[in-house]
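In structure tokens, the next block holds one chain alone, the form predicted alone.
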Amino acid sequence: MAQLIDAIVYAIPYLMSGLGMTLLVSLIVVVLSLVAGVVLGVGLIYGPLSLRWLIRLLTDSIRGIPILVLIFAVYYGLPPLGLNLSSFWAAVLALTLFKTAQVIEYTRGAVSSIPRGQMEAAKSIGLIFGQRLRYVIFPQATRRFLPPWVNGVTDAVKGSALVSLLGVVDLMQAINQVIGRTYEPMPLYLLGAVMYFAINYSLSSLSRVLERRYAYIKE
């Protein structure tokens, strides 16, 4: 027992450093995918036909590729094209592409659920397109967008563990490195699982709060 405790105490600084990297990757992916996904989601609904086809092809293609394959495709496929990214940014780019495809669908579903008459009514009082989105469509669509998006953030956190395959020292990679020194895999994997659980449980709880909060808003 004392040996296990010593292994955990020894591992905590390394795991906390890895956890910081996991949170950094997750934060970057979530922010970039949110911005890109909302913009492209709006384009999928209101854009010209050629743009809608292009966005649809992009989302269907990315969502049809396993995320692990996408990570390796970005990491090994971009250098021959003259774009050399570090392991960190290659992993972030791949995860962002995958997450953006999901956010596009969240946006499409949320915005499409708003009756078209809302847009026409806003247009009739002289609001330009950007104002119609900002003041009429987005406030109503947000309550439908937030719960699935927050759930999707948990997927981003769990998916960030795959960056360890490119040598990025995130929480998962830190666990493996410490195991290589202490030869105590079980307590370290359990400790890592507790850390992941704490993050994702908090996010899942937030999602449930949002669902309850917006479930009683009348149309």
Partner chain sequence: MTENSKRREFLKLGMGGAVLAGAAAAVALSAQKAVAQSAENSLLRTVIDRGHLIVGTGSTNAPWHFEDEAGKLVGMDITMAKILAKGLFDDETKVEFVLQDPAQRIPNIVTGKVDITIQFMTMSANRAQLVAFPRPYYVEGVSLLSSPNGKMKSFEELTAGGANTRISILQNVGAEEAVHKVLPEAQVMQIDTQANVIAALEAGRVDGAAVDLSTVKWLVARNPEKYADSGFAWESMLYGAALRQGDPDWLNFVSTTFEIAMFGNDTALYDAAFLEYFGTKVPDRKTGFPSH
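Numbering follows the first chain given and starts at 1. Small disclaimer: the values here were computed from a predicted structure and weren't measured.
A second form of this protein, the form predicted in complex with its partner chain, is not displayed here; the remarks below concern that form.
Trainee: Heavy atoms within 4.5 Å of its partner chain in the predicted bound form: which stretch in 142-150, 67-75, 112-120, 99-107 meets that?
Mentor: Going through the listed ranges, the match is 67-75.
Trainee: Residue-level contact is defined here as any heavy atom of the residue lying within 4.5 Å of its partner chain in the predicted bound form; does Leu85 satisfy this criterion?
Mentor: Although its partner chain is absent here, Leu85 would touch it in the predicted bound form, with heavy atoms inside 4.5 Å.
Trainee: With heavy atoms only and a cut-off of 4.5 Å, decide whether Arg181 touches its partner chain in the predicted bound form.
Mentor: Although its partner chain is absent here, Arg181 would touch it in the predicted bound form, with heavy atoms inside 4.5 Å.
Trainee: Flag Val38 as yes or no: does it have a non-hydrogen atom within 4.5 angstroms of any non-hydrogen atom of its partner chain in the predicted bound form?
Mentor: Residue-level check for Val38: no, no contact with its partner chain.
Trainee: May I ask you to check whether Leu166 falls inside a 4.5 Å heavy atom distance of its partner chain in the predicted bound form?
Mentor: Answer yes; at least one heavy atom of Leu166 falls within 4.5 Å of its partner chain in the predicted bound form.
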